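This document starts with one chain, in the form predicted alone, laid out as structure tokens.
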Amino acid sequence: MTNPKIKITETKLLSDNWYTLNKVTFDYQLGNKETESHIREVYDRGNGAAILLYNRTKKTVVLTRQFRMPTFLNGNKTGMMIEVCAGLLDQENAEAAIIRETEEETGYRLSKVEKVIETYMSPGSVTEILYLFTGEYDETMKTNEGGGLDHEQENIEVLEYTFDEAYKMIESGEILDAKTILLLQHAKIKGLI
């Protein structure tokens, strides 16, 4: 930690059931040199990576659909989300992790990917840095049906849409996931498809 205006005074573990939730108490130095005490809950689930798979020739993208409990609890009636392929790094570098996740979730084995950006998606409460990638796919790269790993209970449905269909799903509200929206907009701006 390199910010001299921040002094962490206490970290209390609240939960480590799925990932780690801590209650952090810290002093924050104001511009007038006075300090105020703050308390925040911070969720640490590790860093992750996501990728937009696209086929320039067919003008298609591969997305996934799966149940997301937090969205269900916050008004998403079915809890199902259409997203780009994504997963945690699990001690790998971001590129290796997204290549592994792509094959597990979609069934496509990529040999190369292109990094787009790294970003904090919810910096007010989650420590995760998300590394965003794009990668070209074609049918020769298909090694299996995808769907995720059984022991991770992912139950992922693999979807293929034309790029235009997928992009319109942002406006229609069928795609609500921020990483997916960012990557589809990136593809549009860069003319990938």
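For every residue, the number given is its place in the sequence shown, counted from 1. Quick caveat, the model's predicted, so the values are computed rather than measured.
Missing here is the form predicted together with a small molecule; even so, the following discussion is about that form.
> With the partner left out of view, is E165 within 4.5 angstroms of the small molecule in the predicted complex by any non-hydrogen atom?
Replying inline: No, E165 stays farther than 4.5 Å from the small molecule in the predicted complex.
> Does any heavy atom of L130 come within 4.5 Å of a heavy atom of the small molecule in the predicted complex?
Replying inline: Yes, L130 is a contact residue.
> Is there any non-hydrogen atom of R45 lying within 4.5 Å of the small molecule in the predicted complex?
Replying inline: Judged by the heavy-atom cut-off of 4.5 Å, R45 is in contact with the small molecule in the predicted complex.
>> Would you classify V113 as touching the small molecule in the predicted complex, given a 4.5 Å non-hydrogen atom cut-off?
In response: V113: no contact with the small molecule in the predicted complex.
> Check A49, E83 and D177: does every one of them have a heavy atom within 4.5 Å of the small molecule in the predicted complex?
Replying inline: Answer is yes for this spot.
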